[in-house]
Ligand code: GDP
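Given next, in structure tokens, is a single chain: the form predicted alone.
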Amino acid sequence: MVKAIVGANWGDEGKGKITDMMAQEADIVIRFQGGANAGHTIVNDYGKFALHTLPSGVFYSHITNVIGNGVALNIPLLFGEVQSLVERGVPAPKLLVSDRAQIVMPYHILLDQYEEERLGGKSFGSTKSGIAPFYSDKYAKIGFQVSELFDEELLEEKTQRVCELKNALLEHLYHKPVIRREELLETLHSYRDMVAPYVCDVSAFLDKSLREGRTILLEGQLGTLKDPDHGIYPMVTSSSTLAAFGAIGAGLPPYEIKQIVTVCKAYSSAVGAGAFVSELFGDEAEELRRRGGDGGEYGATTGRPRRVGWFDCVASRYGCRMQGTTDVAFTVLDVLGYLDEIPVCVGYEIDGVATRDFPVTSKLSKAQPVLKTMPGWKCEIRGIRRYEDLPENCRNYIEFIEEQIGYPITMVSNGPGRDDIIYRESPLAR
């Protein structure tokens, strides 16, 4: 059975915790898209961790962790992450890397930085991890696939061609130092030596695993609104953030994906630029940011302060629909316990017209939030394990949001730890 864990919104919803939690009952966890440009924060018995490329199943000895073909693979960063886990007492994870995955090169990271500098105030808010240049090269068919590391003749020819192309950009557009072919070849040889013990035909491995009745978790990065087709383009990422892409980015038949757990925060947050209708500013935003998450709302990869706002029913309903949601995991609910009243964005007003439908980016920039205020519960809810034991106003908040988005909230996270979870029977469950 295949289950997907994906984000409903701008990313940062708490997918890492949900994957870590669901991995207890799984056999394989696979990253199927994105790269080291966003991180998953996980709190467990080993401590608090920010994972960037590794799947969130690495804390279990029974899990096989897989880097799928759809991932932007930064090889030294991946193995640096493995080393940092081992140094903190985590057993070395079982790891497989797809022979069809493509490699983030040092020049991708440089080009990302140079382009953001060149754009100045019109930049896309990149994390400067090389993601856009990487995917540009992948689809221009000049990227390096893991399997190609083992073909010396191909590497000799391809490095020559790539240097010619990249050096034209570096020299004439960015006015920066050029790439030396010998150094590029050396880098690729070092990558080959690092990754060689882990390379695998992942699609064949997953096919065999399904035939043996194994449970597979697809772990998504970011969320619906960062999808390059269905998100807030152009302030998006460069690979699809939708569960449907899991079939492509992992190498699975789409009909095998039986459960899609879409993660929503109990309030909204985002890193980077782009439309954010329910965003808060000033002291109100700073208070929510300071209390948010586990140690505050700051990006796991960049450390940048996240933008925060009230829960957005319009964006979340759309996000869940595009993911094909079967279950909603509702996270960081405990953070809101300090509020007397909790506004919720239930609609947008665009050019004087109210709507509950999420619009294209050009219209989104004109949208004003339509807010409904719910009474707060004014108490600590961490440690509660049964839904019926939550304060009445807290249950009312969950049920109101469930009614607004139209998808069943079956998991409620009320703390950062693996066990801070409440399972719930939803009247909307299919």
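Everything numeric in this text was worked out from a predicted model, so none of it was measured. The first residue of the sequence shown is number 1, and the count goes up from there.
Only in words, not in the display: the form predicted together with the ligand, which the text now covers.
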| Taking the ligand in the predicted bound form as the reference, which of Arg306, Arg317, Lys166, His108 has a non-hydrogen atom within 4.5 Å? | Arg306
| message | If the cut-off is 4.5 angstroms on heavy atoms, which of these, Asp112, Asp99, Asp137, Asp334, is the one near the ligand in the predicted bound form? | response | Asp334
| query | in the predicted bound form, do Arg31, Gly57 and Ser203 all put a heavy atom within 4.5 Å of the ligand? | reply | no
| task | Choose from 178-186, 253-261, 326-334, 356-364 the stretch whose residues reach within 4.5 Å of the ligand in the predicted bound form, heavy atoms counted. | result | 326-334
| task | Find out whether any non-hydrogen atom of Gly39 is located within 4.5 angstroms of the ligand in the predicted bound form, and reply yes or no. | result | yes
| Is there a non-hydrogen atom of Arg386 within 4.5 angstroms of a non-hydrogen atom of the ligand in the predicted bound form? | no
| task | Decide whether Glu13 counts as a contact residue for the ligand in the predicted bound form under a heavy atom distance cut-off of 4.5 Å. | result | yes
| Do Arg382 and the ligand come within 4.5 Å of each other in the predicted bound form, heavy atoms counted? | yes
| field | Members of 69-108 lying within 4.5 angstroms of the ligand, judged by heavy atom, in the predicted bound form | value | none
